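There is one chain below, alone, in C-alpha cells, taken in the form predicted alone.
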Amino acid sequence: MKIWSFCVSSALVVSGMAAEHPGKAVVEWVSAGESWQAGGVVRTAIRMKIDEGWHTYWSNPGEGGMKLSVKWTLPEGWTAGDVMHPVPMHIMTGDLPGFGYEGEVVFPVELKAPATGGGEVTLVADVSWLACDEASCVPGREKLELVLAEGEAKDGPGAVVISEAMKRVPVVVEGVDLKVREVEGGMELRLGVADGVLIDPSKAETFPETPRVVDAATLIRWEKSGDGWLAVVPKNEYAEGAVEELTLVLAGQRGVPISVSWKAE
C-alpha cells in the first residue's frame, strides 16, 4: 500500500516525551488497497493521530472550533465523496463547549474512478484542521499523496483500519424518525422508534450534528412519552431565525450509531 505523508513520524521521542508536531497531529492517507479499476470505488480514509493533551473537531465543532476539511486534486474523471465523521466526544476548549476527538481518529472517504482510462494515478489531498488544548488553538495543514496502480482491487492492511472506522460512522435506520417544535425557552424534540428497532434513546448518547441549532453545552436526555421519546433542549444562542433542519446522532448502543434527521415543511 503506497501512503505518503509529509509529517514527522509520531514515533519520535524528545527527552523521554512524545514529540509535538506543528499542527499538533500526524495525518496519513490510508487506502484499502494498492490498485484501482475503471468505474470502481476506492475506499480510503484520513487517519489523524493527535498529540496528547490536544483535540480536534467533529462536523459540528460546537462553539469556536473548526471541522476537518480536504481540498482534492484528482485525475480527470475521479471524484471524492463526503468525508465521513465518526461519533465524537464532548470536549471543552477553555470555557467553550464543543464536539471532537482526542488520540486517534479515522475519517473514511470513498473515491470514484472514471469509467474509462488506466495506468498509475496520483491523487492529492490537502488536509486542514484545527487542534486545541484548554488554552489555545493551532491550525494544521498537510498535503498528502496517494499513488494507485491499475489492476484488480485487493484489500491490504488499510482495509481493516477503514472497516473498523466505519463502525463508528452513523447510518440512517428505517423506523426511526425525528420531529422538532420550538417552544418557550427552547425546542421540543420527539423521537419515534418503530417496533423491532432495538434502540433505547434513554441509554444512548445524543449529539446534534447540525451546527448552531442545539446549545452545544447541552446533554440531550430522552424520556418516554406515549409511543415515542421526548427531550426539551435550549436553542443555540447563535441560531438565526426559526429552526429549519436538525440531524441528531445516537450512539452508545449495540451496533452502528444512528443518524436521524428532520426538516421543516
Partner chain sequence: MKSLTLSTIAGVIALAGVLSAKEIGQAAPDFSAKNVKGEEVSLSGLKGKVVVLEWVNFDCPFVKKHYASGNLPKLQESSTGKDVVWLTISSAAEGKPAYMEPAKLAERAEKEGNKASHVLVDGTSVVGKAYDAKVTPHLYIINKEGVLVYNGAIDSKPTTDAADVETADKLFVNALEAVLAGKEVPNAKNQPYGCGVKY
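Numbering follows the first chain given and starts at 1. Small disclaimer: the values here were computed from a predicted structure and weren't measured.
This protein has a second form, the form predicted in complex with its partner chain, left out of what is shown; the following refers to that one.
Novice: Heavy atoms within 4.5 Å of its partner chain in the model of the complex: which stretch in 72 to 80, 142 to 150, 129 to 137, 167 to 175 meets that?
Specialist: Flagged stretch: 129 to 137.
Novice: Is it true that G64, D95 and E184 each have at least one non-hydrogen atom within 4.5 Å of its partner chain in the model of the complex?
Specialist: Yes.
Novice: By the heavy atom within 4.5 Å rule, which residue out of D200, E237, E52, E223 makes contact with its partner chain in the model of the complex?
Specialist: When its partner chain is considered in the model of the complex, the option within 4.5 Å is E237.
Novice: So, R43 and its partner chain: in the model of the complex, are they within 4.5 Å at any heavy atom pair?
Specialist: R43: no contact with its partner chain in the model of the complex.
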